[in-house]
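The chain that follows stands alone, in the form predicted on its own, written as structure tokens.
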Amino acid sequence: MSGRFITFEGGEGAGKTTQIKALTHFLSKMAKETLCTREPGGTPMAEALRDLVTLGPTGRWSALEEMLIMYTARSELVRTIIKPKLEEGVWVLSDRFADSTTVYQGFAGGVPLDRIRQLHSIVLGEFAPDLTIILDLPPDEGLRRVNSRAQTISRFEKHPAEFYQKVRNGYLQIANENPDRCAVVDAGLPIGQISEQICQLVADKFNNELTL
């Protein structure tokens, strides 16, 4: 595939949407066509599944059931959007991907990690991002940001405090175990500084593919 697949991960309030916009602008200056998507979602069917899994009380689904819904949406998104776009040479930027399932349903939700790996292999095989940006932020600060927004609070923003600490620890463990794919960025820094760091990370990793 001639395109590149870059995912953004992090806990609640980490600023993924803002940084995806900044990287999209940077890549446009490098003459790269981009597509931005999100998980769960990105297609009409996957968006319907997003509503199914994000709305309602926290106990609506078990972590195992959440995992199955997430991978159903992910399978359709990859099959119908992500892979075709990558084959066309488009750079795809996604707000969350498989690491979110590993962290939220695995590390924090209690689904055995080997079960998640097995499902990933069944559904997506060896397909994985070329680069994952993990925006790291203390959970209390992230939740403070979320609660200050005039938006609907999702099921995943209503858990006890210890859940979000497990989420953060899970992301940091994934980054430690996958240093060639993952880069951790301090999401507590000023927005512009975060954007500069991310753009530099992308430029360094794909330096032979990016030209002014």
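Numbers follow the displayed sequence, beginning with 1. Not measured: the values here are computed from a predicted model.
Same protein, other form: the form predicted together with a small molecule, not shown, and the subject of what follows.
Answer option from Thr54, Asn169, Asn178, Thr43, heavy atom within 4.5 Å of the small molecule in the predicted complex
Spelling it out, the residue with a heavy atom inside the cut-off is Thr54.
Of the residues Glu76, Glu141, Asp136, Asp95, which one places a heavy atom within 4.5 Å of the small molecule in the predicted complex?
It is Asp95 that has a heavy atom within 4.5 Å of the partner.
Heavy atom distance at most 4.5 Å to the small molecule in the predicted complex, all of Glu39, Arg50 and Tyr104:
Looking in the predicted complex, the three residues Glu39, Arg50 and Tyr104 all sit within 4.5 Å of the small molecule (heavy atoms).
4.5 angstroms heavy atom contact with the small molecule in the predicted complex for Ile174
Result no; Ile174 lies far from the small molecule in the predicted complex.
Exercise: Met70 in contact with the small molecule in the predicted complex, heavy atom 4.5 Å:
Although the small molecule is absent here, Met70 would touch it in the predicted complex, with heavy atoms inside 4.5 Å.
Does the small molecule come within 4.5 Å of any heavy atom of Thr132 in the predicted complex?
Taking the distances in the predicted complex, the answer for Thr132 is no, it never comes within 4.5 Å of the small molecule.
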